[in-house]
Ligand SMILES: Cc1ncc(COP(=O)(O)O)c(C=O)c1O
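So this first bit is one chain, no partners, the form predicted on its own, shown in structure tokens.
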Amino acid sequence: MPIPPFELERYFARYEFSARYLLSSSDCEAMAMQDLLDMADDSTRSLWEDLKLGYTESAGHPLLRQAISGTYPGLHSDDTLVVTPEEGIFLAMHALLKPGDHVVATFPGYQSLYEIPRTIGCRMDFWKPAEGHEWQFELDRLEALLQPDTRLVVVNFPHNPTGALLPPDTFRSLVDLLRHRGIYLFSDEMYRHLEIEPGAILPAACEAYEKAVTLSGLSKAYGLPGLRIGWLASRDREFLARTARLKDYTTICNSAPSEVLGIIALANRQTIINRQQVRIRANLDVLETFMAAHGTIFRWRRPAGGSIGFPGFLRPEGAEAFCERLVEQAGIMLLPSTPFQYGDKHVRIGFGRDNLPEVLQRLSDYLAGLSGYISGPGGTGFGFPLEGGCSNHEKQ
């Protein structure tokens, strides 16, 4: 079956490098390469300065795989495969699934997490959250979807686009449920380490369950999407071997400079992640002030993790028409829910960038000029200095 267009990526392709202000980016503020190089110790500095731009090991640089496995207690470097994050989804689904398999996936979601199984020929069901309960994914809803031949459950926590996060006891019950039935778990953990409340981080699926596959990478919490470095981690080495064989038909191997920069990033991961956590928590306070001021337009649900939220959009023209008008008239890109195939009554807002206060102020000014607009109790102004610039983007 042909793969349908990736609606979210096609939407971003229209605006992400032309709109002056991006308000829907899912990644955090990107690091400058020099700032990352300044973190290198003598050993990794030598790796960088002596680097030759030849082919690299298909599975990933041994030091990079060692650094990745070091983030997962109990895993060995042989339990990892370095990939481009989106590639990891594509390869893993083809390694795990065949036509006719039954798959359950969280929804709404990043389209490839369910579109690739569907194009393989799998039967799909969707685990949907309850918006009225802070976007909670309730385990009994998932259990009701499972069938005797369910092959795979696909989850994404912290969740894109809602920012939902499972409570620890629910996550443990999820693993127990799948283990009892022998069902594989594919866990997109690209937003892990961006939990809003300190200490709310869940165990990685690959640590918790022997038939789990974790997808992660440097794009979101590390602010390094331009490196295109991600990984699959699993204790199922036969799965990883099948995936590695499929990689021979995609990228074959990884970018040599990106691998070395990835080694430096992982060696300094706590410093990098701490900075991003400080940024998103401060920005979330700003965003909540904005939402309180514009409660007649947005229905806000506070995210539990990640750098994105998914408020309801309350104006009658619908989210897509509003977002089109907003980018054309104010140069602000805001993502409607339609590319998520989730109706026309939500928008996704990203709050991982330094210029968020400026963009929210400009959006507030635009909203104040709308016909029939009535502000909430917080008024329309923020008083933030209008400085900073535009940055992007969405991809895994």
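Residue positions are given as counts along the sequence shown, with the first one as 1. Owing to the predicted nature of the structure, the values given are computational and were not obtained by experimental measurement.
Omitted here: the form predicted in complex with this ligand. The next part is about that form.
**Student:** Quick check on this chain: which one of Arg235, Arg301, His94, Arg228 has a heavy atom within 4.5 Å of this ligand in the predicted bound form?
**Tutor:** Of Arg235, Arg301, His94, Arg228, the residue with a heavy atom within 4.5 Å of this ligand in the predicted bound form is Arg228.
**Student:** Just give me the single entry in Tyr191, Tyr222, Phe290, Tyr114 that has a non-hydrogen atom within 4.5 angstroms of this ligand in the predicted bound form.
**Tutor:** Of Tyr191, Tyr222, Phe290, Tyr114, the residue with a heavy atom within 4.5 Å of this ligand in the predicted bound form is Tyr191.
**Student:** Please identify, from 213 to 221, 100 to 108, 200 to 208, 251 to 259, the stretch that has a heavy atom within 4.5 Å of this ligand in the predicted bound form.
**Tutor:** Checking each option against the 4.5 Å cut-off leaves 213 to 221.
**Student:** Flag Glu320 as yes or no: does it have a non-hydrogen atom within 4.5 angstroms of any non-hydrogen atom of this ligand in the predicted bound form?
**Tutor:** No, no contact at 4.5 Å.
**Student:** At 4.5 Å between heavy atoms, is Ile89 in contact with this ligand in the predicted bound form?
**Tutor:** Yes, Ile89 is a contact residue.
**Student:** Just to confirm, Gly163 within 4.5 Å of this ligand in the predicted bound form by heavy atoms?
**Tutor:** So Gly163 does not count as contacting this ligand.
**Student:** Thr243 versus this ligand, in the predicted bound form: is there a non-hydrogen atom within 4.5 Å?
**Tutor:** Thr243: no, not in contact with this ligand in the predicted bound form.
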